[in-house]
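The chain below stands alone and is given in structure tokens; this is the form predicted alone.
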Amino acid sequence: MERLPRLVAAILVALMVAWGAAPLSAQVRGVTPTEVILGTSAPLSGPAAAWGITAIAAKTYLDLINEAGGIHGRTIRLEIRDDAYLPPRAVANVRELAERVGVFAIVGIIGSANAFAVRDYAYQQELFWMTPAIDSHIWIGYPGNRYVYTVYPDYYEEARIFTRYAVETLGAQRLAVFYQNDQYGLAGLEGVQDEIARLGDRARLVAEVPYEVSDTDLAAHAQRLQSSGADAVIIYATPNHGAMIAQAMARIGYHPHRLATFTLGDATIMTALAGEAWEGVISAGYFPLPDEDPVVAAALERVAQREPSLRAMAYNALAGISFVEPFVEALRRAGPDLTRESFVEAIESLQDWDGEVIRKVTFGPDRHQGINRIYLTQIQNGRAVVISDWITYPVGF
């Protein structure tokens, strides 16, 4: 029996020596010799479930990379948790991912209110956060932005672009905003308000009509918009509520110009939800459409072959890929000894970098907003058609 304690002691000594000789990357949260662990909280259910497909697409894209051998011998595991578009659930999910799963980074998170609720905790945990799907203005001046790297458009700047286009190109003079009553919608509203002020007497903001995520009947909202006499309505809503307001306006014979944020840019989803009421809606894009770019089309085809449900939600599926592409490139550049420091150096070396989907990405020590441009689209015969060149806006952080 005396030999057993000596054997256990010998094993413990051997393990301690092995641990001491292990590379630094083995001691980094979410990094092992064989994998890198990421996490996300996404609306797989609830009123914004159409956006949850971004998480499925990101995971599918990463799975394909893993099947090809991963990055420097490591696979990339993406843990997905459903938050049903509810901020308290998003907070609980991220807490679990950080403390129980032990992720290296957070990817995405749909919903400005959800991300805002998570923001302070993620900062305290020093979590890298790749492309939070929210308005970039919440990061301006926030100390935790040093852990954030985003390739997501800015709602505030997009709203300013919409306003200018409505007035200068469409000839609108009376604008209204239909918006979700949280950080998401308020960012769009603020952008419209500020651009209207800049335009002076060329246009007026005649109605600000909010809705709640729990609303199931938007007839009264449509009546308010019509009564305002607005000849252009700018929309910041979930896919369900965007479709509902379009249908409600059509039912009462109200047909202003309609401009909807890029999060409603998936023509297949929106025409399925709204039918003919979505025809003619102007939206935006931040990566090339697959109809316009064979490289993007090929990326979509690869993930759709593995997960066929992505084909019917092409725009949102491609958005999910765009969320993680720069992260994957940073892992390649960081080399096999992955540390927090080597990751930062690698991702901040991206200068005017093109992925398969996302393009012209630039990061640096003083720039964590990797893109600052969009283009406009319009639904014509049920599909999104590009109607403008790329439009740039100021980098915020």
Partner chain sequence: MLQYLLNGIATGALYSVIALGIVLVYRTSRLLNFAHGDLAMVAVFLVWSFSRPLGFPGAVAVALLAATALGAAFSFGVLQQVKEATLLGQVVLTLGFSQVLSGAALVVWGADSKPFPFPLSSVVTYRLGGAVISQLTLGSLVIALVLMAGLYLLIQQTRVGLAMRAYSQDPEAARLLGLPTRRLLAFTWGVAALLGTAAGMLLAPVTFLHPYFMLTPFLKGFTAAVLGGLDSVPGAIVGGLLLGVMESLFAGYVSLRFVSTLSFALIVVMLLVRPEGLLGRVFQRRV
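Numbering follows the first chain given and starts at 1. Just so we're on the same page, rigid core means the largest C-alpha set that superposes within 1.5 Å between forms. Bear in mind that the values here come from a model prediction, so they are computed numbers and not experimental data.
One more form of this protein should be noted, the form predicted together with its partner chain, which is absent from this view; the next part is about it.
The putative spot formed by Leu44, Thr216 and Gln247 is fully lined by its partner chain in the predicted complex; each residue has a non-hydrogen atom within 4.5 angstroms of it. Only one segment in the set 286-294, 319-327, 166-174, 250-258 has residues whose heavy atoms sit within 4.5 Å of its partner chain in the predicted complex; it is 250-258. Proximity of Trp129 to its partner chain in the predicted complex: non-hydrogen atoms within 4.5 Å are absent; the residue sits far from the partner.
Though the partner is left out of this view, Arg224 does reach within 4.5 Å of its partner chain in the predicted complex, counting heavy atoms only. Contact annotation for Gly280: none of its heavy atoms lies within 4.5 Å of its partner chain in the predicted complex. None of the heavy atoms of Asn145 is located within 4.5 Å of its partner chain in the predicted complex. Proximity to its partner chain in the predicted complex, defined as a heavy atom within 4.5 Å, singles out one entry of Ala203, Ala304, Ala232, Ala243, which is Ala243. Contact annotation: of the candidates Ala49, Val28, Ile37, Val344, the single residue with a non-hydrogen atom within 4.5 angstroms of its partner chain in the predicted complex is Ala49. Superposition of the core reveals a Cα shift of less than 2 Å for Gly355 between this form and the one not shown. Relative to the superposed rigid core, Gly46 undergoes a CA displacement of at least 2 Å between this form and the one not shown. Superposition on the rigid core between this form and the one not shown places the CA atom of Trp278 2 Å or more away from its counterpart.
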